[in-house]
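Taking the form predicted on its own, here's one chain by itself in structure tokens.
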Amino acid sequence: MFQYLALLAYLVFLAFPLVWLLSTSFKPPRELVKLHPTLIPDNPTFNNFVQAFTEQELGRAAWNSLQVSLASAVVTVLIALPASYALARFKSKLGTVALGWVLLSQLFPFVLLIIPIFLVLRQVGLANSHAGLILIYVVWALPFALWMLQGFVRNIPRELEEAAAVDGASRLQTLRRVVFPLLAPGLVATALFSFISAWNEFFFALVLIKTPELATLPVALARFVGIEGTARLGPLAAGSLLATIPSLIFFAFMQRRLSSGSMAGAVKG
């Protein structure tokens, strides 16, 4: 019984910010400044959503974020897949050092990296472009993706690949028919991590993108906060609520693939 109560309390704790965001997005300005705010709006309105779309062009910003996030996820998986397989299957001191360096690189703060990154991108002509932003997101997500995916590769028994080789399968056929189906949950998890990481990222997008038409969604949402720190809570909440929908849809789609991949792995094993 105690476990269920603890689980219920945890779920309520997780859901409360989203519920409050939903409530705030429908409140008129008068209710947003009440001394004792209520969870359910007294006079719900859609004006916050209209302002969010018309004043900051959230539709275009969301499309920019979607392109950048999807491209980052695809490129990260394509690079991490062969690299993680090599690290997991061909053990060497160099591989151990590489994995240690990959983990250590995650400790570097954003502020330490942003100036050299900006200078390099400007030299190669990728500053203020989605291509440059995708490159940064791939580089930033790749260490953790590599570390996570090589763990999935290690969990696939070598005996399955050896059995396929004994049956006459080539290395490529073994990878395609044995390893990749079993690795599907890891690929889905890696893609999901890369997509959400790029979708929510704010700092690099703010510094590297200067053209308003190329701004991503987090940067567009930040414009609802004035230079003196005064936030327009209604449109900001409405825009933030809309910004969570693509992530939820992507997660729901990938979670289904994750489950089916797990079942495929169980059958193959």
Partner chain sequence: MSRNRFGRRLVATAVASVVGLGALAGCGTGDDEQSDGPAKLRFLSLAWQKESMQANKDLVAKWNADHPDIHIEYVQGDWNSVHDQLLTSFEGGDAADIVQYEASGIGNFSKQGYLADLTDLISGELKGQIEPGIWDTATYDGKITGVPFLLESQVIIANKKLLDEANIAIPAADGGWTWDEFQANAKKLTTAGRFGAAWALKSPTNRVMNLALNYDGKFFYTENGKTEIRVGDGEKEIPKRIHDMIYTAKSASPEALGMSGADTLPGFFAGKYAMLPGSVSLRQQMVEQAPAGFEWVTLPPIKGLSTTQAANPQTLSVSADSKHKKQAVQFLEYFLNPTNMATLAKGDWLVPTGKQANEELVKLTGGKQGWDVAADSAADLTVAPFQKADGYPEWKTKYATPALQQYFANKITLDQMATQLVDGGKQVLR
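All values reported here derive from a predicted model rather than from experimental measurement. Numbering follows the first chain given and starts at 1.
The same protein also exists as the form predicted together with the partner chain; that form is not shown, yet it is the one meant from here on.
The closest non-hydrogen atom of residue 42 lies beyond 4.5 Å of the partner chain in the predicted complex. Using a 4.5 angstroms threshold between heavy atoms, residue 118 counts as touching the partner chain in the predicted complex. Although the partner is absent here, residue 173 sits far enough away that none of its heavy atoms falls within 4.5 Å of the partner chain in the predicted complex. Using a 4.5 angstroms threshold between heavy atoms, residue 38 stays clear of the partner chain in the predicted complex.
Screening 93-101, 68-76, 141-149, 155-163 for residues having heavy atoms within 4.5 Å of the partner chain in the predicted complex returns a single hit, 68-76.
Just one of 109, 125, 168, 82 comes within 4.5 Å of the partner chain in the predicted complex, counting any heavy atom, and that one is 125. In the predicted complex, 33, 34, 35, 51, 55, 56 are the residues of 33-58 with at least one heavy atom within 4.5 Å of the partner chain, listed from first to last.
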